[in-house]
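Shown here is one chain on its own, the form predicted on its own, set out as structure tokens.
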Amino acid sequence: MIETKTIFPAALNGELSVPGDKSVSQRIAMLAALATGTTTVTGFLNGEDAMSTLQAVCALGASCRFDGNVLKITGTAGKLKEPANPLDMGNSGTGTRLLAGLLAGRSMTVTLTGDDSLSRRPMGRIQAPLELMGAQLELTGEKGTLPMTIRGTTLHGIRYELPMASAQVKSCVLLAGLFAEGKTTVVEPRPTRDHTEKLFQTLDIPVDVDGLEISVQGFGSKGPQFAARDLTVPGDFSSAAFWIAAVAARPGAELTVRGVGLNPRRTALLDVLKRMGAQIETELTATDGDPIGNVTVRGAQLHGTEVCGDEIPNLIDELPMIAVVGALAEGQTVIRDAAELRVKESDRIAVTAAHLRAFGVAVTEQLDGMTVNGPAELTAPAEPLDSHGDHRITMSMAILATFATAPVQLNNVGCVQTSYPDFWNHLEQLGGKSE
């Protein structure tokens, strides 16, 4: 049965705290599984992607239990065990690609599987560097997709220049480098999310960051030895982004999001919205590891802008929402250099453009982005919109629906559970309505 939601026009404002950062939660689960002792994690995301990663590390020998809202992971001191069955990674591209790096140098054979959406996503981008390190990966079909079977071998360090700006590929290679002989260096074409490097530093795993070059010294097949410690997951900026953007484009509205991650490699959306005329203030409350703080936004009439180049890797998840804001702003909003959107959970360029047109928005689609003309006179789509199983498409269109003149029906909305299980509750909390 396809899950549906009908979203009604609404005014959104108020105050909230968003759930824990998905990317940080997944990285913590993997590294805690390697640690000696028990890692206490506050704020771990209970969404399906993070839980798939947690279940995978439990199958690899870690012990995981929730004590109320606190997660405790007892690590293996680097002695992962071969799982009895394939690891089902659900919809998580991050979990799959990072775990492949973690396992490539272990003396075991592991198969990773996923749902239909994840099984269409390209994995050749991690196969190439891992095989240069000596890894043995088997992918299905000509397109290089899941299932993926990893036969752990002895790895050697490499210097790898990323052909695309990808935090997932970077982190995969760095994790594999910890179990290699010699030094591994990843060279980025543009800065990407640095959660992995920050967690290495927090856990005293040696890592050298020199501009766009990130290096680790391998520990061989035994891997690094490090102690568990208490860790806090910041609120997910990508979840907060839906509400920040929705209020920024709504004159007279005001919102404060508390306890959200403010890592500069994640918050480029704030710079884009400010450039469009948004009134945004940030307040840091913690600076150890990933910075955490509060964001206050006051609505205004926005104007179009261009989003391209080095900004793209640091707001790749927010681009569908930027297109929504472009439909509400005056003038043109141009998104370029974002071809990566075509190989996400859906082809986010094609799907976003088609859905905007259904609302009456004038959109021109390009190979690497789109041009959105606003402000549009929004109408409710004549037919229900399908999410294509993409959580960010679903939430972006739900936000746009609150600006429409009549209720809007979205189909296949269960995918929101992968990253933001509280989304619909928070919509209601801020004054919206869905059923």
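The first residue of the shown sequence is 1; numbering continues from there. This structure is a prediction, so every number in the text was calculated from the model and none was measured.
What comes next is about the form predicted together with a small molecule, which is not displayed.
A.B. asks: Give a yes or no for residue 336: in the model of the complex, does one of its heavy atoms lie within 4.5 Å of a heavy atom belonging to the small molecule?
C.D. replies: Contact check for residue 336: no, nothing within 4.5 Å of the small molecule in the model of the complex.
A.B. asks: Find out whether any non-hydrogen atom of residue 290 is located within 4.5 angstroms of the small molecule in the model of the complex, and reply yes or no.
C.D. replies: Result no; residue 290 lies far from the small molecule in the model of the complex.
A.B. asks: Evaluate residue 151 for contact with the small molecule in the model of the complex, applying a 4.5 angstroms cut-off between non-hydrogen atoms, and reply yes or no.
C.D. replies: Output for residue 151 is no: heavy atoms all beyond 4.5 Å of the small molecule.
A.B. asks: Does at least one non-hydrogen atom of residue 167 fall within 4.5 angstroms of the small molecule in the model of the complex?
C.D. replies: Residue 167 belongs to the contact set for the small molecule.
A.B. asks: Counting any heavy atom within 4.5 Å as contact, can you tell me which stretch out of 254-262, 110-118, 167-175, 322-330 lines the small molecule in the model of the complex?
C.D. replies: Heavy-atom contact with the partner occurs in 167-175.
A.B. asks: Which residue among 250, 106, 193, 355 has a heavy atom within 4.5 angstroms of the small molecule in the model of the complex?
C.D. replies: Selected option: 193.
A.B. asks: Please tell me which of 239, 346, 91, 94 lies within 4.5 Å of the small molecule in the model of the complex, judged by heavy atoms.
C.D. replies: Only one listed residue qualifies here, and that residue is 94.
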